[in-house]
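Take a look at this one chain, the form predicted on its own, written out in structure tokens.
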Amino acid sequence: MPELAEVAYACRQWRDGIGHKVKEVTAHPTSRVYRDLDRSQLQKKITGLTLSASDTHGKQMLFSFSNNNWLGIHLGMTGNLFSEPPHYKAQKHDALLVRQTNRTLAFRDPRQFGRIRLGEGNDPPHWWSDLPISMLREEFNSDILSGALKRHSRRPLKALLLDQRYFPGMGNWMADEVLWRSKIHPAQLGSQISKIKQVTLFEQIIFVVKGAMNSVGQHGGDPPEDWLFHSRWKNGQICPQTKSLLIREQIGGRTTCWCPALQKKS
């Protein structure tokens, strides 16, 4: 599933459409991304409007249109955004096509776990404004981490970092990266994290989030070469720091990679 930085990069693919009017909207007739929305309502609302701005929050995207209209997109597991030529022909997995004079903005989702929402009003809709504090904002502070550790003291750290109520946009590879850099075992419980380790953990959350945004979020592709990211995807890989064998197992319901020489469980 796309994570914070990958969602930001996907959102950038529609950036050239900002400031331009929508000529036509095509909604896939059977895609499940419209499970909360009437397709015909979307087509009527957006056609003729101008795309005015875009934003991301964790794994969510928001596009604002003229006349106080809002379009929300969640990519799900396999969704992505593309900018295609103006006369682009719809393909099998194109859930949404927003046609402008010089381009076609496409939302493609083969497995249809994504979601499209609509809103109208001077302010962003509640499903956007009610999201938890973004990890990219100054308001995201160590109190959020310490509060989550207290509320979920018996939860493994790997599972807690994936909880979108506290860490919106944090996904599997980012959580592994944070724990590896913090030298914390992914199965360590929240109650077992000392105050000193909490400081380190929060610092590494910020480091990974900003580093991912500055690399993947800006240019796509992968984060810097010295990150665990490049070694975590298959068995038999070596830790970039210790050069020892990495372990890959299920923790918190997700495939997790860590270095036993670096991340020791107390």
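All values reported here derive from a predicted model rather than from experimental measurement. So that there is no doubt, residue numbering starts at 1 and follows the sequence shown.
The same protein has a further form, the form predicted in complex with the DNA, not shown here; the description that follows concerns it.
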**Asked** the DNA isn't shown here, but in the predicted complex, which of 151 to 159, 128 to 136, 97 to 105, 178 to 186 has heavy atoms within 4.5 Å of it?
**Response** 151 to 159
**Asked** in the predicted complex, do 16, 67 and 210 all reach within 4.5 Å of the DNA through at least one heavy atom apiece?
**Response** no
**Request:** Counting non-hydrogen atoms within 4.5 angstroms of the DNA in the predicted complex, say which of 20, 23, 254, 12 makes the cut.
**Result:** 254
**Contact of residue 83 with the DNA in the predicted complex (heavy atom, 4.5 Å)** = no
**Request:** Answer with yes or no whether residue 72 is in contact with the DNA in the predicted complex, where contact means some heavy atom within 4.5 Å.
**Result:** no
**Item:** 4.5 Å heavy atom contact, residue 173 and the DNA in the predicted complex
**Value:** yes
**Prompt:** Any of the heavy atoms of residue 192 lying within 4.5 Å of the DNA in the predicted complex?
**Reply:** no
**Prompt:** If you look in the predicted complex, which residues in 176 to 205 sit within 4.5 Å of the DNA (heavy atoms)?
**Reply:** none
